[in-house]
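Only one chain is included here, represented as C-alpha cells and corresponding to the form predicted on its own.
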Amino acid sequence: MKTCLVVDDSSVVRKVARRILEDLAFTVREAADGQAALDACDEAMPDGILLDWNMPVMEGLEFLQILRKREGGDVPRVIFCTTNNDFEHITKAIEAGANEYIMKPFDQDILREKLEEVGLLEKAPAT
C-alpha cells in the first residue's frame, strides 16, 4: 500500500484529502505545517506528498526546497495543492521540485488524475 503525507494547516482540507486518499487505497499521515512534515518524513519517507503553500511555521515552498536536498528527499512525488494559481507560483513550485500542481478546492476525480500523472496510481481503465 502506498503512503501519502497530507500537509495543510486546515484540518478540513486534511480530512477531505484523507478520505479521498484512503478511498484510493493510500495509507495517510497528516502534518499541519512544513516543519511537522519534515519531522514526519524523517520518521518514514512517504511515496507521495499533497502540499499546501501558505502555512504557519514553515511554508510549503520552503519545506519542498529542504526536502529535495535531504537523503531520499527526491523520492516522494509532490503535488502542490493551493489557491495560488498564478504563473509565478506554479513556476516556483515546479523549479523547487514539485511534480504537479492542483487548485483548491479539489475533488476525487482531480486528485486521482494528478496521482495517475505522477505515477502513484495506475490509470483507471476507460469505460
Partner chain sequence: MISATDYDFFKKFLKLHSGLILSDDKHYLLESRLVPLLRKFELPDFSRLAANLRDNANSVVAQAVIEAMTTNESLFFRDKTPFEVFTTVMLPKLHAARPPSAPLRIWCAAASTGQEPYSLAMTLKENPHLIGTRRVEFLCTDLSNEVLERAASGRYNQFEVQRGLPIQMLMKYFKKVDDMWEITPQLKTGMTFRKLNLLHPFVGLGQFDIVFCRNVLIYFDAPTKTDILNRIAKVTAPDGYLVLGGAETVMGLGEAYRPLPNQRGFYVPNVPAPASMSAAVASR
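Only a predicted model underlies this, so the values are computations on that prediction, with no experimental measurement involved. Positions refer to the first chain, counted from 1.
Not pictured, yet referred to below: the form predicted in complex with the partner chain.
- Heavy atoms of G119 never reach within 4.5 Å of the partner chain in the predicted complex, leaving it off the interface.
- For D9, no non-hydrogen atom is located within 4.5 Å of the partner chain in the predicted complex, even though that partner is not displayed.
- Mapping the unseen interface onto this chain, Y101 counts among the residues with a heavy atom inside 4.5 Å of the partner chain in the predicted complex.
- In the predicted complex, I90 approaches the partner chain with a heavy atom inside 4.5 Å.
- Contact check for R14, E22 and E43: none of the three has a heavy atom within 4.5 Å of the partner chain in the predicted complex.
- Note on the interface: of 29-37, 78-86, 46-54, 60-68, the segment with non-hydrogen atoms within 4.5 angstroms of the partner chain in the predicted complex is 78-86.
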